[in-house]
Each structure stands twice: as C-alpha cells, then as structure tokens.
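Have a look below at one chain only, the form predicted alone, in structure tokens format.
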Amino acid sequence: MTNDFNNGLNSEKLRSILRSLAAEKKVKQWDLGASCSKDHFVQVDKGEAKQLKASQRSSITIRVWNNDGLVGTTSTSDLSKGGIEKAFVGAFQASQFGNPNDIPDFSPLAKSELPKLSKKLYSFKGIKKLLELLRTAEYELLNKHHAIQNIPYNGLAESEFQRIYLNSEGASRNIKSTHANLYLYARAEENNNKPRSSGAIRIANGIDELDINGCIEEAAKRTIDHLNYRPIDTGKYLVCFTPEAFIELIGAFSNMFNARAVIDGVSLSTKESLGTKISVEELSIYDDSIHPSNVNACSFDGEGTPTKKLCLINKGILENFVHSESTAKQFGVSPTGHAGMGSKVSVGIDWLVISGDTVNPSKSKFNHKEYKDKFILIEGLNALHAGVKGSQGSFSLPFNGWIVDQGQRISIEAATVAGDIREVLNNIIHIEKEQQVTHQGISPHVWVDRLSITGEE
C-alpha cells in the first residue's frame, strides 16, 4: 500500500487488510482512524531563504476489542501491510490490559449521513513559488515604514490532508482537503524607543485564495500603530476585546464546555451546570465546525460521528457540552462530533461563533469606532499556556492593546489583564452587532466593565 497523497489512502484496501487480520485473530470488533498529509513550508530572512521544508506524514490508530470487551489501542506511521498487521496485533495484545471502568464503543452515529461541505481542492504551487511569494511579501512589508527593520517571524505553507475512519460494522468515512496559511510578524524600532512588534495571519483553502496583500497591510498597520506608546496606570478599566482576543479568552477556558473535563473533575462546569445561567443573557456561543469560513472544517470526528453546529451558551444559559461516544453515554445524550481517537478519547471544541442579542438601545454607544470616553482596546492575548488556570477560572495575561480616549489611540507599553472568566462573562456590558471572521472563529467586539489591568512598573 502506498502513502503517496496523490493516490491517497485507499479505504477498501485498509478494510480488506483489517478484515483478514480480524478473522485470523478471531476479533469481532475493531475500528481505525487514519490520516496522511503532505506539506510545503518556507521562511525568509531579508530576501534569503531561511528554511525550506517539504514533508509527508501518515499515521494510523487501531482499536481492538477482545472477547471480554476490553479495548487496546496502537498507533503507527507504517502504512504497509506489515506495519498495519503489527499495529493490529499490538492493539489486540494491549486489550488484555484495557481499563474495565472506561470502555469506549462505536459511535451510534458512525454510519449516519454526513453534512455536505463545499471544499475546493487546490493543486500545490511548489516550494519555488512559495519562496517567491514570501520574498515579495517580506519586501513589501519592510517598505511600509522606515521603522520596520525586519520580519523575524514569517512563514508561508501549503498542505494536503486526508482523513479516514473505518469500523467492523461497516462505517466508512473519507475526506480530503487542501490548506494554505501565511503569517507575518514585524519588528519596528525608532530612536530612543523600545522595539515594537505585531503581525497578522491569513488562512485559505489554497494559495490562490490566500489574501497576501491583506496580511501585509494588517501586519504593517498593527506594527506602526504600536510605535506611539506610553505606560498605563494599574487599575480597573472599561475594556473592549477585539474579536480575535475574545475568542482567544473563551478558547482558553473551553473546558467549561468539555464533557470529558467535567467527568475528570478539571472543568469549571459540573453535570448540574447545564441549564444554568453562566453569562449575561445577551451572549450566545456556538461551536460550528462546518461553518463555511472554517478552512479546517471536517464532516466527521475521530470516531466517525458527523460534525454539526452546536449551541454551547444560549442567551446566557449553558445549553450543551461537547461529547465523544463515551462521555455522551454517561450523560445519556448523543455524541456531538468532537472526539479524537486514542487510548483515551480526547474531546475538544473546533470553531467558535460568538454573537450578541442586545435589546437595549442605550448600549449602542459602546462602539469601538465611535465611543468618546476612555477605554482599553485589547487586540491580542499572550502567554495563554502559562497565564490561565483553566480548572479555577482565573487568568493573568500580557496583552497587546491601546488606551483609547476621545477616539485617539495610544499603544500600551506593557501590561497584563487579570480576572476570572466567570466574572468576565457576567460583566459584559455590550456585544457589538458586527461579527468578524478570524483564523480561529467568528466574534464581534465585546465590552467588559471593571477589568483589572496592571501596568509595567
């Protein structure tokens, strides 16, 4: 069997091999998740190639249930018949040590109809073309302003991806997709001032769709806007989160929607939290992995369950958790299409869509483009891996942003924003009407009152 992406993974060949192995080992129940990808990636440094990389990856995860109902799991990157056989035998042997208290099963929706996705597949441009495009982008960004000295972090990539799910009951899922992404992170410095940095990201289904000029313009504007900066006094402030920043904050506390985290006791939520008010009633949050703007959309999860739009918060009320087959069974609900595959099935959100339902006209004055009084505009959050205590709800995060007063923006030299996500959700005073698409999801600008900000001393 080949793992050449142009030919792709062959579902029927995989099924034939596994059926033969199952008959030989007298295994009645098995499933498989497989993926392969091909990637081109380039980086530059002042016109010179810094990194040129082409890679091809493949992996298979096999689960086998023995006659006692216990499960064993094995993963391999060897897609040959011999490699698959070793993985199958390994999973069968591992099943003897399976956890009797946590036995997953096939998703009851693994053979249900899948959502229709409009995913156009693009041909590779090749490393030479990527290098040419990135060199041009770097050159144009460097010439946007005299203070922009270099673009220390940059990258342009294209990839092809295929994903398969099969099981012994006849489930068969197969999807192919292509992706492209560009990031440009500029560094600017003027005499007697500290260096300032910012950047932008663009993603698309292919290089031909990629908004390279928009990425250059946004990276330049963000960087230049931060050249005029000043310190900020420590205190409580009226804060407006940009769509990107608010999605980052909600994503950092996604365990509140995660059924596996609830069961394991590491979530802000409990089983009893469903149906309770956790935010202002104007706020609604969906996980919509099949949204047309989600370049990474997939029609099924790691267990073959169809993906769909799922309401997490409905007008302030916690309405749903995201589930795998195992967690859904414990809650007495259906899987939601958010599972991975492994020795312990992971669960996670995909693509957040945040919206507001503001009925009070007096709040319309809170518009980040028109508001006249002083407020803080947070553009992006940093150090999310270190500054968030997900199971406690607290956060303390450095951020990029501005002091905005009478419509004039002055960049903040250095500061951190701190608080508790539950208080943030309940202290939202306005959600703007206009939603913006980011590379992580969709959100409007969100206003929160009396957030603690600590300036650099």
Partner chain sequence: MKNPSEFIASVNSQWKSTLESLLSTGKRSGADFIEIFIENIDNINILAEQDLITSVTPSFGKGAGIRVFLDKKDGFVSTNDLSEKGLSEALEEALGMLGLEPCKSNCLYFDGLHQIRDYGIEKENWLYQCPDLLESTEKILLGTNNIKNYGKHITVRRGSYSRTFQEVLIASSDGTYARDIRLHQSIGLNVLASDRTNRSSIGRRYGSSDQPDDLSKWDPEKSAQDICESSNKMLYADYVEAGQKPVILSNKFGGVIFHEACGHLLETTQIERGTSPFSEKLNKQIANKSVTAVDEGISKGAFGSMSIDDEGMEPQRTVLIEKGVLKRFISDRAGEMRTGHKRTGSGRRQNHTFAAASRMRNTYIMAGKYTPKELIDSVDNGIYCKSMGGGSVGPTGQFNFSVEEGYIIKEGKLTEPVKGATLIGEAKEILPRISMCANDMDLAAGFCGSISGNIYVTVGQPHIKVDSITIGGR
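Numbering follows the first chain given and starts at 1. Worth saying up front: this structure is predicted, and the values here are computed from it rather than measured.
Keep in mind the form predicted in complex with the partner chain is missing from the figure; the text below concerns it.
- Message: Using a 4.5 Å heavy atom cut-off, which residue among Val353, Ala87, Leu109, Ala245 comes into contact with the partner chain in the predicted bound form?
- Response: The residue in contact is Ala87.
- Query: Pick from Asn228, Asn213, Asn143, Thr234: which residue has any heavy atom within 4.5 angstroms of the partner chain in the predicted bound form?
  - Reply: Selected option: Thr234.
- Task: Please name which of the stretches 162-170, 78-86, 327-335, 287-295 has residues with heavy atoms lying within 4.5 Å of the partner chain in the predicted bound form.
- Result: Heavy atoms within 4.5 Å of the partner chain in the predicted bound form occur in 78-86.
- Query: Is Tyr139 close enough to touch the partner chain in the predicted bound form, meaning at least one heavy atom pair within 4.5 Å?
  - Reply: Looking in the predicted bound form, residue contacts with the partner chain do not include Tyr139, since no heavy atom lies within 4.5 Å.
- Message: Taking the partner chain as it sits in the predicted bound form, is Gly275 in contact with it (heavy atom to heavy atom, 4.5 Å or less)?
- Response: No, Gly275 is distant from the partner.
- Item | Contact label in the predicted bound form: Gln392 to the partner chain, heavy atom within 4.5 Å | Judged by the heavy-atom cut-off of 4.5 Å, Gln392 is in contact with the partner chain in the predicted bound form.
- Query: How about Asn99: is it within 4.5 Å of the partner chain in the predicted bound form, going by heavy atoms?
  - Reply: Because a heavy atom of Asn99 falls inside 4.5 Å of the partner chain in the predicted bound form, the answer is yes.
- Message: Using a 4.5 Å cut-off on any heavy atom, which residues of 263-279 would contact the partner chain in the predicted bound form?
- Response: Residues within 4.5 Å: Asp264, Gly265, Val266, Ser267, Leu268.
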